[in-house]
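Given as structure tokens, the chain that follows is alone and in the form predicted alone.
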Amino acid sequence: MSEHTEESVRAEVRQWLADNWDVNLPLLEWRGKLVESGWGAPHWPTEWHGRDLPVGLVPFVDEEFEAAGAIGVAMIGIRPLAAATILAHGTDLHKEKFLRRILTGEDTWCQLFSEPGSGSDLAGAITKAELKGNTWVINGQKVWTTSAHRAQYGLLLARTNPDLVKHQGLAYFILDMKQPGVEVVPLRQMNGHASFNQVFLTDAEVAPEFMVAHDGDGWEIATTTLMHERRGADALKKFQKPSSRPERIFREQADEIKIALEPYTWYPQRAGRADLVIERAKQTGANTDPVIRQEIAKVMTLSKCAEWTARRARAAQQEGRPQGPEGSLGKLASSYVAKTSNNVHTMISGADAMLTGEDSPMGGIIAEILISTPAISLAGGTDEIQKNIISERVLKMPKEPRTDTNRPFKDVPKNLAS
């Protein structure tokens, strides 16, 4: 294979777009052409809808698509996590059945990890998977599951053998969410949104071929998923914005984006909106207060440090290095930025910060910031979990004492009856 350069990649993708991009195509038909070309996920293997392009050259492909005004593949929500996990651990059957439809947007996914008694302690999952005849039968409850009400498939972590130690005896499945035995119930949040769901699994079934890798590999595979999730949590992704253009392909994409981003509309506020701090300070005159100015400087410093951490993570990805604990550094940094921004917004708004709805400053945005930021310290692994990962894997500090690692999981005390 010839060596790729920025110039050669730009020229090739620019020519392909000139020959193929058509605003009059239906969205699904365009995505099909894009997947077949390999330009939709050019860093993926050639045999799986990619072009084996070095990750460091992918931004140049993205820039050419943006310059042409062309629509890309459907990698919004949990889809990138599903794709990354399947590429790393899935069988040829999984890749054949799911990867193309992830890129075209035909399938929506959710992540069935957290449980009422084991959120941060993911390895403490008690959802059971029992092999009955030639079928895995699943019973249990998952929670905080974004988009479960729309998902066709779920990434499921379940326990197959309680006689093994905690991090063993787990398996990773691809679950059909539309089958009988899967009940999805929305959770209403204190900020008024309902982005998450509880999922009750009662004799739900999974065929053996839809276990990812092998029985007992669940923890390793879940770690892959989480590393990708945390690397993406250093800051809110720049989601695609729908175009107002009238052609069919743009109308269909706008509908797709609206549905996909519905659970995430409050995520900018969850991140603390450090970008609004200086604007708010100027509006209220708080920029002349020396104490508030000092706190604003603190927010800006933390925000810039978080940005640099994110750049390091992206650089590692572009060099092809495996997902690592730098994702935890970014995740923790984003939590600190959110908390500090929350504090500054409160200082600036004063008593008005207690107002909600249209009476709240900025038409309700400030109130939504104040009641949404606690979520970022929990979602995707709590601050405490990230600190443990950093201390043990980055700083090589001794692991904290554990009482649940050297005995069968069935004998470990639990928050809920198993």
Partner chain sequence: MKFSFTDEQAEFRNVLRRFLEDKSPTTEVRRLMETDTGSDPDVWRQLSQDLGLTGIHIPEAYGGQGFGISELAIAVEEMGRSLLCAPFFASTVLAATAILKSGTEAQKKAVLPGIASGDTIATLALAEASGEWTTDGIAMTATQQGDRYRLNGTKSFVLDGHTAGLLVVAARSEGSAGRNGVSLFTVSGDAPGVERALLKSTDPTRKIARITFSDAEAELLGTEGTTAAAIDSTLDVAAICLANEMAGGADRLLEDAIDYAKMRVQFGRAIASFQSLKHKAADMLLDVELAKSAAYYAAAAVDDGDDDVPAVASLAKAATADAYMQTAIHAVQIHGGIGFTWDNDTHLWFKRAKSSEVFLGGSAYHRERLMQQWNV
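Bear in mind the structure is a predicted one, so any value in this text is a computation, not a measurement. The term rigid core refers to the maximal set of C-alpha atoms that superpose within 1.5 Å between the two forms. Positions refer to the first chain, counted from 1.
Below: the form predicted together with the partner chain, not depicted.
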For this chain shown on its own, do 196, 356 and 372 all sit within 4.5 Å of the partner chain in the predicted bound form, going by heavy atoms? yes
Partner proximity in the predicted bound form: residue 400 to the partner chain, non-hydrogen atom cutoff 4.5 Å: yes
Taking heavy atoms and a 4.5 Å cut-off, does residue 282 contact the partner chain in the predicted bound form? no
4.5 angstroms heavy atom contact with the partner chain in the predicted bound form for residue 384: yes
Residue contact check: residue 57 to the partner chain in the predicted bound form, 4.5 Å heavy atom: no
Partner-proximal stretch of 249-257, 298-306, 182-190, 84-92 relative to the partner chain in the predicted bound form, 4.5 angstroms, heavy atom: 182-190
If the cut-off is 4.5 angstroms on heavy atoms, which of these, 278, 316, 347, 73, is the one near the partner chain in the predicted bound form? 347
Partner-contacting position among 121, 176, 203, 220 - heavy atom within 4.5 Å of the partner chain in the predicted bound form: 121
Residue 290: after superposing the rigid core, is there a C-alpha shift of 2 Å or more between this form and the one not shown? yes
Superposing on the rigid core, I want to see if residue 361 changes position between this form and the one not shown - specifically a Cα shift of 2 Å or more. yes
Tell me, please, whether between this form and the one not shown the C-alpha of residue 170 is shifted by 2 Å or more, with the rigid core used for superposition. no
